[in-house]
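In structure tokens, one chain follows: the form predicted on its own.
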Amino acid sequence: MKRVALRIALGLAFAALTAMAGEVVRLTDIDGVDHGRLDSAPGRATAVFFILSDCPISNQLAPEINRICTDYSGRGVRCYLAYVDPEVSADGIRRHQRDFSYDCCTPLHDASRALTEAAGATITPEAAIFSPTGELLYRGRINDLYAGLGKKRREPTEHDVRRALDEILAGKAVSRPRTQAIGCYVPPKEL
């Protein structure tokens, strides 16, 4: 019963955020290609990884983000990297993509913060997983490689995004829809 109430509350929160923004969140990549609306996405789920190109923890988790996107893309999961730095250029994003071998994720520049606000993301790296109708199903850390700032484990013991995707793809509710990401704060939106 609690899970149903939580899912309803999350869906209402997403609808309220979309209404407050006055627009539907569209997924447009750095080349201007429109990948559709977040609330009418094809596939079984949309995973968005919020990152900053100069955040060391974001960069440390780049290999795992790549593995997640490679492992789940054939199972109906669309993956995007949302660059949240308002000052980064398209060329800067392309350079970062090359430097960290991000060839499995579509890069988005979320300077307007529409996607960041729809997810409620405040930290990089942070992941958000949406249903095909735009319902926020999971938001939080990618895994628990970091126990705190400056406290890195040798290996992660929990793989939060993978667990959430496996549960979603199995038709189950996400058992832990929120976890606390550790990393760099999302910079304030340009005025």
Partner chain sequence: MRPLALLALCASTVAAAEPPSFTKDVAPILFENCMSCHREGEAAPFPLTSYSEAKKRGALISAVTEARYMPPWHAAPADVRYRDERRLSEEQIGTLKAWVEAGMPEGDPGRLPAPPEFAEGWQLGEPDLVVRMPEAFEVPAEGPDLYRSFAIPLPAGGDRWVRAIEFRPSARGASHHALFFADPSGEALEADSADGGPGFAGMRELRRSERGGGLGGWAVGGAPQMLPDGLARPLPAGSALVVQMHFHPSGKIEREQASLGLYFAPEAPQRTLTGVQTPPLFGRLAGIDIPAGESRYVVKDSFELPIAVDAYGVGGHAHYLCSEMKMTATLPGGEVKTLLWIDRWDFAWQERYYFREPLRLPAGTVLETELIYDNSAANPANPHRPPRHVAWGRGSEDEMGSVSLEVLAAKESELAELRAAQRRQIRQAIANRFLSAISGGSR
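Since we're looking at a predicted model, the values are computed, not measured. Positions refer to the first chain, counted from 1.
Just so it is clear, the following notes concern the form predicted together with its partner chain, a form of the same protein that is not shown.
Partner proximity in the predicted bound form, defined as non-hydrogen atoms within 4.5 angstroms of its partner chain, places exactly one of 50 to 58, 162 to 170, 35 to 43, 128 to 136 at the interface: 50 to 58. Contact annotation: Pro177 falls outside 4.5 Å of its partner chain in the predicted bound form, judged by heavy atom distances. Among residues of the shown chain, Tyr72 is not one whose heavy atoms approach its partner chain to within 4.5 Å in the predicted bound form. In the predicted bound form, at least one heavy atom of Glu87 sits within 4.5 Å of a heavy atom of its partner chain. Mapping the unseen interface onto this chain, Tyr80 falls outside it, with no heavy atom inside 4.5 Å of its partner chain in the predicted bound form.
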